[in-house]
Each structure stands twice: as C-alpha cells, then as structure tokens.
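This document starts with one chain, in the form predicted on its own, laid out as structure tokens.
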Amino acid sequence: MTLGEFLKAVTEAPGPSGYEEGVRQIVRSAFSPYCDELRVDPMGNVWAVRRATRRADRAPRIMLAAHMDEIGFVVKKIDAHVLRVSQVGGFDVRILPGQPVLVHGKVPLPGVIGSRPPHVLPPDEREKVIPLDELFVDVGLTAEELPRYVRVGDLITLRRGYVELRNGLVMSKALDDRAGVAALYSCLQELQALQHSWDVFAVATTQEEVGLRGAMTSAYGVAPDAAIAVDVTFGRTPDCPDIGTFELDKGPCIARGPNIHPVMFSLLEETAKRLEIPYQTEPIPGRSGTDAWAIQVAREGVPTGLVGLPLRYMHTPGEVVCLRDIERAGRLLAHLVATLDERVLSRFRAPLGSSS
C-alpha cells in the first residue's frame, strides 16, 4: 500500500474520539507487515513494536505517537424529524451548515446539517455565525420513523472523501491527525532498510481531541526512554499571520519550547540537516496541546519531541496537507531512530542543564 493509498483509507474511515474501531482495523492491517509485535491496549491504542535489530538484553525504547481519532458529533436530542447534536472535539462552526454527514445509528444514515434559511432570519441575525444549538441534522426520516433508527448518544461524522489536488497536495476530513499516523506508517517502511539499537513503539493513539487520553495511558504502558509525537500544525494561507503558521511542501516542523526536550530537538534538527530534509522550526512557548504534552509528563517524565505537519483549514471537512511533507517526516523519524545509542540515552537521562 502506497503512502497515498494508506492516507486515503484512514481519512475516509469514520473514527471519532472513543469510537476509532474502523480506523484501528486499517492501521493494524497496514502496520502489521512492518513490525515484530502488534497489540491493542484497553484504551484502543494500536502499538506496533519493531524490536532493535542490534540486540541487547533490554534495549531502550522510543515511542512514536500520532492520534487516529477525529472530531465529530453526538446526538443529544431527537427533535421531531431532526437531530440536535453536540460536538465531540470541536469543528469550526462557521462551515457546518449544508455539510453532508453520516449518522451511525442502527444502520448508517446519510444526512445533512441544516438550519433556518437566511430569508426567514431577522435582519440583525443574517450576518452572524449560526450557533451549534440552532443547527440540526436531517436524514430524511419522519418524526415517527427517526427513533427506530437513531438513539441519543449515537455518533455522527462528516461525509467527505479524499481528493488529490495539484502539486502533491491532498484534501480530506480527518487529516488531523491521520496525516501523522501516515508519517508513522512511512517511518516503519523506511526502518526496514535500517539498523537500530532501540526498540521502536509506533503508537496510533485514541481520544486526543477530547483530552489526550490515549497518549497518557499508552505512554504509561510503554514506559519509553524517549518519545516523539507527530501532529498537524497551522499551514500558511493568505491573511494568516506569518508567525505561528508554516508553508506546505517546505518540510515538517520541528517544535522548540518548554514542552520539548532540548536534546530531542537537537537530534531532530541534526538528522534533518544530515539528510538534507527541508524542515521548519516551530516555536511553542507553552503546552503544545498535542500528544507530546501528555507523554512528556508520564511516569517520572519522558524526554519528548514534536514533529508538525503543516495543514490548511484545520478542523474543517476540507483539510489540506502535502504528501511530501508526510514522507519527509517519516524518513526523519526513521533515520533519527537509527542514530539512537547508549551515548544518546545518557544525554536523555542527564539532568536538564547539565553538561552531559
């Protein structure tokens, strides 16, 4: 399966936070040929374990993490012939009216997000963003039929396919963060040709969008000696500020800040330079809001890095990334893994600020 084929499969599959099973099946099948062990933990995280090729009694462990859940909706009320919803995660509400959806009831039900037409709104409301509690989902059933197929608590996902754009860009729902999962897939493929002294745990995590929960539990279970999270970051578009946004097809972003271990930042940067992989530096002055934050504070603390994939139109049905950036991120991760040895381990274990 090519990188693009994998990305198409995982983005088109439904998998809101806590209900990632459809995506999990694809990830397990795709990762399996490239790892020595594969397991699913009680939180639903997928662990693909590739053992060190240069064997040791107890090889150090590096955890590579990307979340596979997506934002979605949950039915909170059946209101006559329509459904009132709450968010699982958080969409940009401005773009929701008119979006096609899939209601995961007793049978899958295609539907659309509806609202009152502007013609019947009071003049002072016509230019305002319609709040979520005034939107609804219509699947075409009558008020009598709807409760037979849908219950309060059923999940709803946006119905949007994978589209190839020009210049290596692709558009889909759920690229946040299945683009990161695709980078792990690319990394595992690249590692087939490399020797490494550390065990690699490539973890597709769950429930990131509702509180980093899969990263918390899997980091505790893996107990890594170091870790790198892969997530999306803000792609640059017209009218966006230059600070805090990053160009597509200019390489992955290597984060730097208090959520990032300085040794891991240096190793990522050195590896990118050595391989002539284009990269961008992303300053993160506080918590990153990614799996990196949860992993960093697991157990007694984990030296953690963060690789970002520039993405346009975040938390919309039409997110856009560059496939080359994903491939570059996978190659960067794989070759960094190949450099890890006892000397690097001692640098991670030295107190921060020491000269070790």
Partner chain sequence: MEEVLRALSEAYGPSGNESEVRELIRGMVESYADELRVDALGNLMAIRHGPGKRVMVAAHMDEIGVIVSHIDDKGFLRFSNIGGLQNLTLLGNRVRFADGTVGVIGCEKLEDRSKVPELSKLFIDVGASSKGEVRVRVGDMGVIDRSFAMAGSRAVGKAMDDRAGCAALVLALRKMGECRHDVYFTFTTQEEIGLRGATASGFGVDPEVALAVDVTATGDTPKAPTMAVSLGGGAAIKVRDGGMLAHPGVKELLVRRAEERGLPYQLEVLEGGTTDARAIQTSRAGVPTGVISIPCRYIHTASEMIDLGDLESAVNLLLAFLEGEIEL
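Numbering follows the first chain given and starts at 1. Everything numeric in this text was worked out from a predicted model, so none of it was measured.
A second form of this protein, the form predicted in complex with the partner chain, is not displayed here; the remarks below concern that form.
With the partner omitted from this view, the residue of Lys76, Arg116, His81, Arg148 that lies near the partner chain in the model of the complex is Lys76 [heavy atom within 4.5 Å]. With the partner removed from view, the residue among Gln99, Gln87, Gln189, Ser197 that has a non-hydrogen atom within 4.5 Å of the partner chain in the model of the complex turns out to be Gln87. Using a 4.5 angstroms limit between non-hydrogen atoms, Gln207 touches the partner chain in the model of the complex.
Among residues of the shown chain, Gly18 is one whose heavy atoms approach the partner chain to within 4.5 Å in the model of the complex. Using a 4.5 Å cutoff between non-hydrogen atoms, Leu135 does not count as a contact of the partner chain in the model of the complex. The shortest heavy atom separation between Arg213 and the partner chain in the model of the complex is within 4.5 Å.
Contact check at 4.5 Å (heavy atoms) against the partner chain in the model of the complex: none of Gly161, Ser172 and Pro278 pass. Judged by heavy atoms within 4.5 Å of the partner chain in the model of the complex, the contact stretch among the candidates 39 to 47, 25 to 33, 305 to 313, 57 to 65 is 39 to 47. Along 308 to 346, no residue reaches a heavy atom to within 4.5 Å of the partner chain in the model of the complex.
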